[in-house]
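We begin with a single chain expressed as structure tokens, specifically the form predicted alone.
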Amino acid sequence: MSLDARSLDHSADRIPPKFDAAWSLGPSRPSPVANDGQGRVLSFDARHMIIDEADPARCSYVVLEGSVMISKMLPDGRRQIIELLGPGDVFGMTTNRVHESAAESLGPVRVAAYDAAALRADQDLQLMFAERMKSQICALHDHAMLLGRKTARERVSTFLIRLIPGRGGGGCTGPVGKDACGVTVSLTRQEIADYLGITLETVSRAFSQLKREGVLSYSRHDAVTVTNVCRLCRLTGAH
């Protein structure tokens, strides 16, 4: 089969754990991933609810193209966005008969869906899911540090640096020429707040402060130019 740990570049010597400021969010990893022909390929438009909380847990999924947002909701409407996933990432695994979190497409998305029987019967497929989950667990550890210890400014800076592939943390490529980069922000300001565990107003203030300091510029909320990537990286609290 082709959709295994090697074809998805998940082997330990090729994909390092997503240490803080050294890994990219799903929206910044647009490269397509080949399907192995066994999973059912499903396509969804932007902002489609792929899985809702309490849906029957029949399948696990691999993102082939696009970005997927994983979230949980409290009864009073408060939401925590848990993960932002891109090509090669997996979701939908659960120990219960129903899904405990929701999965929504941020833009047009293609995923491969595998039912439980297929996963139980294919060791290569199990290995691929296990290797990907190890990397995603490392990312969740870093996100727990962000939620528990970082200031609002550090959280927003970390969010933005993770939208720039190859920059920040170990293995950073460093600046090439003018150290500026344009990024597309797929999340609304409210969604950024739900991901970073702060309020909408706090997110807006942090963006405004970074703009006043000349670290970034923007005329639209979904298009941001980081004018000094190294300076932004230093504001993440990871260095």
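Bear in mind that the values here come from a model prediction, so they are computed numbers and not experimental data. Start at 1 and count along the sequence shown; that's the residue number.
We do not show the form predicted together with another copy of the chain, though everything after this point is about it.
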Counting only non-hydrogen atoms, the one stretch of 178 to 186, 195 to 203, 210 to 218, 40 to 48 within 4.5 angstroms of another copy of the chain in the predicted complex is 195 to 203
What I'd like checked is whether Ala57, Val109 and Ala117 together line another copy of the chain in the predicted complex, meaning each has a non-hydrogen atom within 4.5 Å of it. no
Is there a non-hydrogen atom of Lys150 within 4.5 angstroms of a non-hydrogen atom of another copy of the chain in the predicted complex? yes
- Query: Quick one: does Glu104 come within 4.5 Å of another copy of the chain in the predicted complex, counting heavy atoms only?
  - Reply: no
Under a 4.5 Å heavy atom criterion, is Met133 part of the interface with another copy of the chain in the predicted complex?
yes
Leu64 near another copy of the chain in the predicted complex, any heavy atom under 4.5 Å?
no
Residues in 73 to 94 that come within 4.5 Å of another copy of the chain in the predicted complex by at least one heavy atom, in order, are Met73, Leu74, Pro75, Arg78, Arg79, Gln80, Ile82, Glu83, Met93, Thr94
